[in-house]
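This document starts with one chain, in the form predicted alone, laid out as structure tokens.
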């Protein structure tokens, strides 16, 4: 146990893996531990998109959308072999959102992130473009683009690059306890190993407050809401390589996305849950997704058409809005305990993981005076 790491990270999701990669590439000594597989929980239960968050504009989260659009461009550049642009079509439903509102939203979406290699939005006649997919009443479509990505592979590639830069990555090795002894964090692992570190980072996603209370023995002043997003997978519903964004009367949206060549991915719901372990899809969620799709598609689906399902728990910062309006932005809670830093990471989304990781290193810079280099992850490709 003689070596003292600069950083110890609890959690091998996309944020933890991204921080490990960034820090190790700057010459810092890094150790990361996860109780399961790298990218095996929330980071592999997403809708498989790197996107700006078009619907966040309705909540006036312009800063988050701008950052997300910039990161969409960067992630596509550094992970092109596991990502691709895909067109999304919003069929116009006049009783839900007026056309002018959608057009303003798409104009902002096209321009908030600055110069982009991703195609701009446009409007067209659905009856000519996709005559056999949608019901006849949907005549106008608004098209925009986002990036489809392999979320789990993205997480694993970040961890792999961290290891390439000498980070120690521990899978299936739960942190039992983290305490300060002398002038160091001492982290006790499930395999009875003890690790020393100057800084402790809690990036355990939906388990963040549980980790803080049970394993670090500190009370959290920040509340989170656990929101379950569920998906269903069916056999391919149409042959065209296009995704749809369906609006619902409750103002929620549902995606239908081509998936792995032979399937359609449909999601997501937003249901509050009490525990990060409560990740099975409910019958009510299945009904909601099926009804949402059947409101638009000529080809109607039923429960028997579902070939698989999955759900993920998102840890969102409590801001006392409805689940669909709770911010997807991230917040850092930096505590200094007996002169040693503990950084808790709340919230965040797949798209902005790289920028989040950069900001972590900025916030911790004064505790890491021997850092050898500055930001670099926006230029080096993942492989």
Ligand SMILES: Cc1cc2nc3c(=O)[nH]c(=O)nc-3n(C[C@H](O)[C@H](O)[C@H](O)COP(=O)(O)OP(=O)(O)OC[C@H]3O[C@@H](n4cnc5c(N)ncnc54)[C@H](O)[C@@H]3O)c2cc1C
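Positions refer to the first chain, counted from 1. Treat the numbers as computed from the prediction; the structure is a model and nothing was measured.
The discussion below concerns the form predicted together with the ligand, not included here.
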task = Would you check, heavy atoms only and a 4.5 Å threshold, whether residue 51 touches the ligand in the predicted bound form?
result = yes
message = Taking any heavy atom pair closer than or equal to 4.5 Å as contact, tell me whether residue 165 reaches the ligand in the predicted bound form.
response = no
Test of understanding: in the predicted bound form, would residue 357 fall inside 4.5 Å of the ligand by heavy atoms?
no
Query raised in the report: Heavy atom to heavy atom, is residue 10 within 4.5 Å of the ligand in the predicted bound form?
Result: yes
In this chain shown alone, the residue from 312, 105, 113, 258 with a heavy atom within 4.5 Å of the ligand in the predicted bound form is 312
As a check of understanding, the residue in 264, 211, 121, 197 with any heavy atom within 4.5 Å of the ligand in the predicted bound form should be identified as 211
Testing 59-67, 38-46, 22-30, 334-342 against the ligand in the predicted bound form with a 4.5 Å heavy atom criterion leaves exactly one stretch, namely 38-46
| request: Would you confirm whether the three residues 173, 207 and 215 all fall within 4.5 Å of the ligand in the predicted bound form, going by non-hydrogen atoms? | output: yes
